[in-house]
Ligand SMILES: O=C(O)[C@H](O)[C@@H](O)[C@H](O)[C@H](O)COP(=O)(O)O
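Have a look below at one chain only, the form predicted on its own, in structure tokens format.
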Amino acid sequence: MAETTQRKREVFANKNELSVALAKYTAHLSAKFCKEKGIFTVVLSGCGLIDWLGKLLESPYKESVEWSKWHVFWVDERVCSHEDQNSNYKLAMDGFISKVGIPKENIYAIDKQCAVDGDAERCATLYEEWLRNLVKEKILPLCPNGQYPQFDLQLQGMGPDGHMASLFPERPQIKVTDKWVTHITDSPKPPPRRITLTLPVINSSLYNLMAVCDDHTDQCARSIADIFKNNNLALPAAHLTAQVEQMWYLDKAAASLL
């Protein structure tokens, strides 16, 4: 597995321009992988990402993307009911997935009952078992080192504190390497119970795109500057890499301190 890929970045004037670029990038990779291997494995995150993916629901993408070949996963999830407003699954279903033709069996949400029960550890265990079964079924390949599953594209977001997925500063999950999926019960950002792909799984992805918009403060901008200027590894997002390309899409506010 590659140790690192160069951080590439593009800066956009506003969220709308970033959304246009995000749709173009995702649609391009979808076409590439659907042509090369007949499927496209894409990992979603929560928060603003689903809104920013909204341009895929417009022409020409909604009609041209081969939605039936998509397999959708989550980089992290809040351990709550699928109907809960905190659920990344619900966010993606309501805002994006339900509006395109992705087959239901190609949508890989966390176990419904364990989520309702609030059993984060069990949710993580079952999600990893699911991923391992998909490797056996040849839906997911393993990274060349044979240790971790390899997704085509992961779409990431970064919090103001520099966290990505549910890997937070000063929490031990960032150091987990013997699992594909781990859990957290004391997330500093509510809700506290979550599951998350581990860092080596995230970095085994062929393409990783980190999209960051800084809304009302300069906290994200400070974290972005600390990552790009200082490579501050105390910030989990500073550990992001990929096997082919690591791309950062920033709005003007997020990039203001670079």
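When you see a residue number, it is the position in the sequence shown, counting from 1. What you see is a predicted model, and the numbers here were worked out from it, not measured in a lab.
Absent from the display: the form predicted together with the named molecule. The rest refers to it.
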Pocket accessibility after superposing the named molecule in the predicted complex (3+ atoms within 2.4 Å of backbone/C-beta): open
Using a 4.5 Å heavy atom cut-off, which stretch among 174-182, 109-117, 131-139, 153-161 contacts the named molecule in the predicted complex? 153-161
Is Thr198 a contact residue for the named molecule in the predicted complex, using a 4.5 Å heavy atom cut-off? no
At the 4.5 Å heavy atom threshold, is His28 in contact with the named molecule in the predicted complex? no
Does the named molecule come within 4.5 Å of any heavy atom of Asn208 in the predicted complex? no
Touches the named molecule in the predicted complex: Ser45 (any heavy atom, 4.5 Å): yes
Proximity to the named molecule in the predicted complex, single hit among Leu56, Leu49, Ile39, Ala221 (heavy atom within 4.5 Å): Leu49
Across 182-199, which residues bring a heavy atom to within 4.5 Å of the named molecule in the predicted complex? Lys189, Arg194
